[in-house]
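So this first bit is one chain, no partners, the form predicted alone, shown in structure tokens.
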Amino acid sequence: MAYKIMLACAGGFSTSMLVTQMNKAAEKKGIEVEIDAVSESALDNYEDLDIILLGPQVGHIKDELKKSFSIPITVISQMDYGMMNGEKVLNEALELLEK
């Protein structure tokens, strides 16, 4: 089963670049995942997600989102986000999903 991972930031653009890096990391590992990025205001339009990863700039909405979603929600570290470290972000998401 492929996990559905959603990244969210203010506009969805910068997280889209991280999605590309995460997909490359998943492909190298032979992991089947579905990763997408949207603006935080569009999250309510999605269902059946397995995890939500927030860009650091919208990390302040984490507690509010937890009222609407009963899935893991975490904030991507500023360092990993800035470095577009797709492999590390993917690994952290998978660790949370496997807990």
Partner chain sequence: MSVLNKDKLRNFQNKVQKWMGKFQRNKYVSAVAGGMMSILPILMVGSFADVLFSLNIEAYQNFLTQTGIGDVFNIISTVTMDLLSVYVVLALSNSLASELKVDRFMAMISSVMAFFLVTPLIIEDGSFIGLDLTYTGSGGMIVAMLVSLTATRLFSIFYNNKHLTIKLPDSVPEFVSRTFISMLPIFLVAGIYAVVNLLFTFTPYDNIHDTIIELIQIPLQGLGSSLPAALILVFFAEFLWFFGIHGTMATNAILFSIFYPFDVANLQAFSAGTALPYIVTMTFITNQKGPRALAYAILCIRCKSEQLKTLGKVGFIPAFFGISEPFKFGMPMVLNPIVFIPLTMGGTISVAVTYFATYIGLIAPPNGIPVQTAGTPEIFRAFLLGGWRMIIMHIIQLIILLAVWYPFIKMMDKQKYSEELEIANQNS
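Computed from a predicted model, the values in this text were never measured in an experiment. Positions refer to the first chain, counted from 1.
One more form of this protein should be noted, the form predicted in complex with its partner chain, which is absent from this view; the next part is about it.
Colleague: Verify the contact flag for residue 28: yes if a non-hydrogen atom of it lies within 4.5 Å of a non-hydrogen atom of its partner chain in the model of the complex, no if not.
Modeller: Although its partner chain is absent here, residue 28 would stay clear of it in the model of the complex, with no heavy atoms inside 4.5 Å.
Colleague: Using the partner position in the model of the complex, report whether residue 74 sits within 4.5 Å of its partner chain, counting heavy atoms only.
Modeller: Residue 74: no, not in contact with its partner chain in the model of the complex.
Colleague: Would you classify residue 49 as touching its partner chain in the model of the complex, given a 4.5 Å non-hydrogen atom cut-off?
Modeller: Flag for residue 49 set to no.
Colleague: Quick check on residue 38: any heavy atom within 4.5 Å of its partner chain in the model of the complex?
Modeller: Flag for residue 38 set to no.
Colleague: Relative to its partner chain in the model of the complex, which residues of 53 to 68 have a heavy atom no more than 4.5 Å away?
Modeller: Residues within 4.5 Å: 56, 57, 58, 60, 61, 64, 65.
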